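The chain below stands alone, shown as structure tokens; this is the form predicted on its own.
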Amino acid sequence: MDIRPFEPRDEAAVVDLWRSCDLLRPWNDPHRDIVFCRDSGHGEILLGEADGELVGGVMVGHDGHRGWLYYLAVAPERRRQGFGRRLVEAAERWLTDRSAPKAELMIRHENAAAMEFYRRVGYRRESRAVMGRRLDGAPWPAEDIPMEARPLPPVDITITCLEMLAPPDAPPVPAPLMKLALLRAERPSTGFYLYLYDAVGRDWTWVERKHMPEEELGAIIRDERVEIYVAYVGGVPAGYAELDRRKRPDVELAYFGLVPEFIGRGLGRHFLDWAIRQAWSSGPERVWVHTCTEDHPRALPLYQRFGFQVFAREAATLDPNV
């Protein structure tokens, strides 16, 4: 597939492509959208051609702060050939060339197929509320009325459980060269805990404890047998580890992760090694942890590299609303 910028002669074919992909809505004029994008000076429509035919396209632009993708389309009969991924990459290059630090997009809640496609190419669902107001005087379309409580689609996942039956015998992983402190949060407030939980897990569908009643969550995190250790870098929370000793003789590494800005700086390996050794400090029979396919893609191999062995796998459905 060859990718090139839109030309005026392409307008009818592009609108037909959008129509074939069910991207058009009665309240949006596609011809006006094309003109608005190209006249703005901040956008472009990139088209993909194969065998002399238009097979896909994407509208890309920026608002001076973030980049945005719209109208990604691949002709139905040409899908599953990698064209969608290549169009997304072309749009991202367009944004990178203009120093946009981030690419975003909006997907209707019912469009689970689009969510899955973008997840596969590296995008993550964000915990943001999208709000809008029409400036053209038109009423809100019935299906487009903002609904704060609108449910997100369920996600099929695979849960992997891993265990370690003996303390690590390798030397401790040295601390990275940064101003680092590992401190236990003693009887933390639910507000502080949920801040950590969301900061670490918002990109990985950590939702269970967000929906837990405050009294129930507070009873867990303030139990003396539950230890929450926070990694601070330069005084800023960079991640946390939660050890659950309530089911002796086992210790569960219930939660572990870093705030995204601190991933890739050498902190994760040191902190995980430290947390494992802390778990073994009470002499349990085993230390165990679980992860799932919605977690960071390096989580499972990292646990295995540190000596955890898989002992169970199960399929499950994650409901982000419960």
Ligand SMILES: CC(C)(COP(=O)(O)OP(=O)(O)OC[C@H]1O[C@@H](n2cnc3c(N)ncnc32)[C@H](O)[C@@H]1OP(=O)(O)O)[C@@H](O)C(=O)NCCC(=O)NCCS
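For the two forms, the rigid core is made up of the largest set of C-alpha atoms that agree within 1.5 Å on superposition. Heads up: residue numbers just count along the shown sequence, starting at 1. This one's a predicted model, so the numbers in the text were calculated from it and none came from an experiment.
What comes next is about the form predicted in complex with this ligand, which does not appear here.
Only one of 73, 91, 251, 241 lies close to this ligand in the predicted bound form, with a heavy atom inside 4.5 Å, and it is 73. Just one of 154, 218, 82, 168 comes within 4.5 Å of this ligand in the predicted bound form, counting any heavy atom, and that one is 82. Listed stretches are 115-123, 184-192, 160-168, 224-232; the contact stretch with this ligand in the predicted bound form is 115-123, by a heavy atom cutoff of 4.5 Å. Interface membership of residue 129, defined by any non-hydrogen atom within 4.5 Å of this ligand in the predicted bound form, is ruled out. Although the partner is absent from this view, residue 96 stays clear of this ligand in the predicted bound form, with no non-hydrogen atom inside 4.5 angstroms. This ligand in the predicted bound form is not approached by residue 15, whose heavy atoms all lie more than 4.5 angstroms from it.
In the predicted bound form, this ligand lies within 4.5 Å of some heavy atom of residue 23. Core-superposed comparison between this form and the one not shown: the CA of residue 312 stays below a 2 Å shift. Once you line up the core between this form and the one not shown, the Cα of residue 87 ends up 2 Å or more from where it was.
Fitting the two forms on the rigid core leaves the C-alpha of residue 218 displaced by under 2 angstroms between this form and the one not shown.
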